[in-house]
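For reference, the chain that follows is the form predicted on its own, supplied as structure tokens.
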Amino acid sequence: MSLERKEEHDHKAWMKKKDLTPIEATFLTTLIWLDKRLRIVDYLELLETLYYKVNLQMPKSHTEQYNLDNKFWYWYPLYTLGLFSTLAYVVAAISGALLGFYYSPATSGDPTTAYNSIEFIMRDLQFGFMLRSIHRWSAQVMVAAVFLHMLRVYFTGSYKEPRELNWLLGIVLISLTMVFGYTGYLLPWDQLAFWAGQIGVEMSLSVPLAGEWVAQLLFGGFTLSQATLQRMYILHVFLLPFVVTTLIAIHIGIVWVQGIAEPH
């Protein structure tokens, strides 16, 4: 008597009975081969069961409960703002990563290196003007879409129970979006960036008790310098993308679990 588990299904015989295209046959053969070794089908069934259990546990939305599908059709375009802001973020991230190949922050105590690299991108790099424009416009679209998305959530009452946690997470995300925009605004190190940075220093110094410490931490001192640009570069390129991407994934995951809230 063999202890080896017997096959419940004769997959090869089943495939011979079916009129499969070469692509379908290759896909099924690969899936069967992987399933024997990694139990992929079992995990897919587990995810499917979890999906239906989660959705059955959620209360019905107002449109489902009162059959209002044809009453609120004019709201539906506003429910795409979250997706729109996410797509704008992805475009900004990809274009920003490409710009990072050519942008250089201040080196050897000379902050003008950043400005010179922007000039090179805009004037000499092939498609550089277009690439920076895509990055700038996608960032602006993201800020506008996130702001309108928050307004839609508020005025349709989508922040109410059981979605309070995602509302708070959205407030954190829109705040980080503002920080994203501000740190990127300073990277060209032109006149606009310089005076925006000076305003940031003055605002930091106005914080009661901890103002000087905040200015030293965020701007590297009480006046703008190479340390300021390096801090903005680290925040914009290395810290914020990972934090924001993680929070967006959690935000979307909660929406998937809870479903979209229609107008209250």
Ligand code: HEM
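Computed from a predicted structure; not experimentally measured. Just count from 1 along the sequence shown to find any residue number.
One more form of this protein, predicted in complex with the named molecule, exists but is not displayed; see below.
- Distance criterion of 4.5 Å from any heavy atom to the named molecule in the model of the complex singles out Leu83 from the list Val90, Leu83, Met130, Met178.
- Of the residues given (Val141, Met150, Ala106, Leu98), Met150 alone sits with a heavy atom within 4.5 Å of the named molecule in the model of the complex.
- The candidate stretches are 187-195, 133-141, 120-128, 157-165, and the one lying within 4.5 Å of the named molecule in the model of the complex by heavy atoms is 157-165.
- The named molecule is not drawn, but in the model of the complex it has a heavy atom within 4.5 Å of His251.
- Within this chain, Ile174 lines the site of the named molecule in the model of the complex, having a heavy atom no more than 4.5 Å away.
- Although the partner is absent here, Ile260 sits close enough that one of its heavy atoms falls within 4.5 Å of the named molecule in the model of the complex.
- The shortest heavy atom separation between Val146 and the named molecule in the model of the complex is within 4.5 Å.
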